[in-house]
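A lone chain, given as structure tokens: the form predicted alone.
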């Protein structure tokens, strides 16, 4: 970081150059050729990017299935930003996803970069911008309203990660501090990791939240979720992401289904003048304060006689799962079709006599 720069300077800097954006950038260069040049000259970073969700943004199966259900240009603009959103993307644009050129070649021929102490000899010009080190680099693709925003007086945000970050304990830190940690290159400089750790990284998810569990009188189980390393709401991003808490009595002679409780955002379609628009009706995600959830072990599925059963000696298993919901299933309460989930934390509570 150059002398005189502070982290606050970087975070508050107004962009002097165009930041990464879902709209297709000006085609001032042959972008496939430019992307190939990035990969050739920066092989270590390219390997990291090749393993990232950015790389598969336009080709992984959950996105392809979702886009087949709702083929909106709005979605393609972020997931396949190297193609015009209203056109069928080329095989290259779909395969590259969010590429090197998407974030670093936002206008003209100069490569966008963070402030540095020196400019090494490069085959291209550099445009160093303090804003690229802060939330502005991520904001255009990670905070936006619903597609119907233009016709709704006060539209809800479909994703609100940047606002959540600004209201969190991590407001003075950059998104990259967690999602692009420094990697030792073996020299004095190093580089930011381009694996873009996110919702499919079990270690990152485990650091995001603390979970404690205890038994209470009356066969109650209390789980407390405490925000830890997440610098935004947890979960954030996609409107259908959610947490699922599970509690289950361990009984080999009388197996029981687990009780479940979901934390996430809920939406409804409501009239706005002559049109219908989507609006948020509830947000039970983990924000700045701990969330406490209690389960009555007698409320789980089972015969009515179980209400009077003494469960104080029974062991109880609990889990916290991070779920990527493909789409809600309206046929049952809390129902959903998942495209994946990660067990973030789990444990067992012994019976009273243990």
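The model shown is predicted, which means the values in this text are computed figures rather than measured ones. Numbering follows the first chain given and starts at 1.
A second form of this protein, the form predicted together with a small molecule, is not displayed here; the remarks below concern that form.
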**Item:** Heavy atom within 4.5 Å of the small molecule in the predicted bound form - the one residue of 320, 46, 311, 291 that qualifies
**Value:** 46
**Asked** Which of 229, 220, 152, 95 has a heavy atom within 4.5 Å of the small molecule in the predicted bound form?
**Response** 229
**Prompt:** Heavy atoms within 4.5 Å of the small molecule in the predicted bound form: which of the stretches 86-94, 249-257, 121-129, 212-220 has them?
**Reply:** 121-129
**Message:** With the partner left out here, check for me: in the predicted bound form, does some heavy atom of residue 261 sit within 4.5 Å of the small molecule?
**Reply:** no
**Prompt:** Does the small molecule get within 4.5 angstroms of any non-hydrogen atom of residue 346 in the predicted bound form?
**Reply:** no
**Prompt:** Would residue 51 count as touching the small molecule in the predicted bound form under a 4.5 Å heavy atom rule?
**Reply:** no
**Message:** in the predicted bound form, is there a heavy atom of the small molecule that lies within 4.5 Å of any heavy atom of residue 287, even though the partner is absent here?
**Reply:** no
**Message:** Counting only non-hydrogen atoms and a 4.5 Å threshold, tell me whether 167, 279 and 328 all contact the small molecule in the predicted bound form.
**Reply:** no
